[in-house]
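Read the single chain below, which is given as structure tokens and is the form predicted on its own.
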Amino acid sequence: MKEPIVRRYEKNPVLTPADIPYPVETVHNAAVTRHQDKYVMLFRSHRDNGRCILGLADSDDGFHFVPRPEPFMLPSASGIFAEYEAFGVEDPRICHLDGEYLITYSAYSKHGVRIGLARTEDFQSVERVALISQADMRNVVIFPQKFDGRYARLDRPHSEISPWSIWISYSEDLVYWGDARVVMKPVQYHWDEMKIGPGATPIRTERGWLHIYHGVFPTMDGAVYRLGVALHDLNDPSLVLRVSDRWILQPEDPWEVTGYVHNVVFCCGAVPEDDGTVKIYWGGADKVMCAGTASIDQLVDLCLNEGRPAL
């Protein structure tokens, strides 16, 4: 039997709705980062009205998480953010850059979905910065490094135009983004043929930026969400060197196969460790949070040795 690429934590799930000290129906699609020698998980939850909020949980080891007593981000109640977050805030990503944590999230309203940007230094308070896309845009992750003085991000238009592909764009101030181009597309009759989207914040390695993304395959029983990896050039992140032709994780455990949305593993966070491994976090069936570990070198090798072109 082939060894799994991602080794699931034996006590998954690591966070469930029953663990949260305020009423929620789901705990999923969480960003995770390190802050002051602790792991911080910023998770999405549905309330029983169907709309989403973001909560926080802390851990000493990256597996045992203790949720905080109150939500961290609710839909804004005032200003322009209130109009565009009226239906909820979802699917955060965290990028640590220049001494602060940048949080991108999906803002839903009657106008569709667009991306909000917030920042924090300590995960005690949070400041909304701007709405950084038009509708319909989803799944934005910011690289934790500037390139020729510009910020770079991966994003995925929420559209069947160029269908469901990953793009890159750049900014000098984090607010106004441009110079956009498509960098990665689904491949017909592959595991990710229906749509792809950026997942965790890219990880810098000696051989390139490792990016864990999600891919979707249509079946007669509905869509299946899996995880894969791509490798971007260190100096030019718009150049995707190779994309692994194999998935690294698929729904298998009961809480990944059955839940709020069946057959889903969806990653918004990964934390590289000093021992050459990476902790990967994923939502199981849009209901619970799970964790596992993988070798960074093995993931890079999958791209370079068992890879395909990005376009």
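Heads up: residue numbers just count along the shown sequence, starting at 1. Please read these numbers as outputs of a predicted model, since none were measured by experiment.
The protein also exists as the form predicted in complex with a small molecule; that form is not presented, and the subsequent description refers to it.
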Of 243, 264, 54, 32, the one that lies within 4.5 Å of the small molecule in the predicted complex (heavy atoms) | 264
With a 4.5 Å heavy atom cut-off to the small molecule in the predicted complex, the contacting stretch among 62-70, 264-272, 246-254, 34-42 is 264-272
Interface membership of residue 155, the small molecule in the predicted complex, 4.5 Å heavy atom rule = no
Applying a 4.5 Å heavy atom distance criterion, does residue 213 contact the small molecule in the predicted complex?
-> no
Evaluate residue 226 for contact with the small molecule in the predicted complex, applying a 4.5 angstroms cut-off between non-hydrogen atoms, and reply yes or no.
-> no
Answer with yes or no whether residue 138 is in contact with the small molecule in the predicted complex, where contact means some heavy atom within 4.5 Å.
-> yes
